[in-house]
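In structure tokens, the next block holds one chain alone, the form predicted on its own.
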Amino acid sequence: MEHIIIIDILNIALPLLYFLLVWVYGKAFFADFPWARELKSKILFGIILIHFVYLLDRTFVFNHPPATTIFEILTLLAFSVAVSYAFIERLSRAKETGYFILNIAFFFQIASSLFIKDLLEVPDVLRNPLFGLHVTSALLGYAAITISAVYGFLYLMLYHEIRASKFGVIYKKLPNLETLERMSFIAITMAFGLLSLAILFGFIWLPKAFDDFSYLDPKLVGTLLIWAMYGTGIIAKKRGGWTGRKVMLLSVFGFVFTIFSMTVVNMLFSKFHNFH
């Protein structure tokens, strides 16, 4: 009972905490307040820790990974976006883009908190730890894809501002083009690695979960195509000398294709990625 109360409290608190986080990052970006620049990363890591406790509590109390409904997946996506951004921020040491990324986490979490339900009865196939590892690594990969696309959009916005000699707030506040490209490529590399893990866990889990599965399922084929696309992009940058707009266009196109795979293909064509 105590754990249920904690889950309910955190479910209400998380959207408020993410709103606070976005507000602080906004104050740092648009108003350049010193206290906001100083506190924003610390608040981010604190909220990630609180969100992790929430997800852990849901997993143990309801005895299944929190990935059985769209609204459970949304809170996992919010967490994945926050974790992926924190990792990229730490690696790149560029902290000016958090406002744009973390708004995505806020909207995912508020939608989840409004509509999520506590499910005690779920199919046994969804209680397997391999399912949890598969979904978690996939969602972290999709979060990295989303972040790489945001950096792609920001790069293209800044590129066109420079071409048009319009030096507004975007030009003054965003990192330079080279830094945005580097941050996007870090996200692309993360996405490729995490999707590799998701595919590995999925291939191990599928035969245990379904008697009639097929490796030619459209969702599996779509995921492999996304994985191959980002792998090819990494090779093209490392070996083929791809830079600038080519890398950014890959990140944006990859994101569009991923959304298509997660929605249209998953809902209309996939036979075993729908559990209800």
Partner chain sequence: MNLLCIGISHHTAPLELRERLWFSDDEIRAALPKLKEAGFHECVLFSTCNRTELYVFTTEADFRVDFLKKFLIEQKSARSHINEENLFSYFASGAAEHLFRVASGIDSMIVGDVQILSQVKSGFNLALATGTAGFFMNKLFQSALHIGKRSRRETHISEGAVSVSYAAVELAQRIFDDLGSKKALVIGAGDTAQLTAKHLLGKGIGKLFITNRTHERAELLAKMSGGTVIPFEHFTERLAEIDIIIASVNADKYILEKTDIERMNKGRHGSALFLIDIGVPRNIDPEAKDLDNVFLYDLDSLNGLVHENVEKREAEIPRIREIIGEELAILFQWHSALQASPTIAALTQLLEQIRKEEVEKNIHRFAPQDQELIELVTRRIVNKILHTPIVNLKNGHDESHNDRLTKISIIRKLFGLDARKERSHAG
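Keep in mind that this is a model prediction, so the values were computed, not measured. Numbering follows the first chain given and starts at 1.
Below: the form predicted together with the partner chain, not depicted.
Out of the listed residues Lys238, Lys42, Arg245, Lys208, Arg245 is the one that sits within 4.5 Å of the partner chain in the predicted bound form by at least one heavy atom. Of the candidates Val83, Leu133, Leu158, Ile104, Leu158 is the one whose heavy atoms come within 4.5 Å of the partner chain in the predicted bound form; the others do not. Looking at Arg90, you'd find every heavy atom of it more than 4.5 angstroms from the partner chain in the predicted bound form. Among residues of the shown chain, Arg127 is not one whose heavy atoms approach the partner chain to within 4.5 Å in the predicted bound form.
Using a 4.5 angstroms threshold between heavy atoms, Glu178 counts as touching the partner chain in the predicted bound form.
Contact annotation: Leu174 falls within 4.5 Å of the partner chain in the predicted bound form, judged by heavy atom distances.
Here the chain stands alone, but in the predicted bound form its contact with the partner chain, taken as any heavy atom within 4.5 Å, falls in 158-166 among 158-166, 136-144, 108-116, 190-198.
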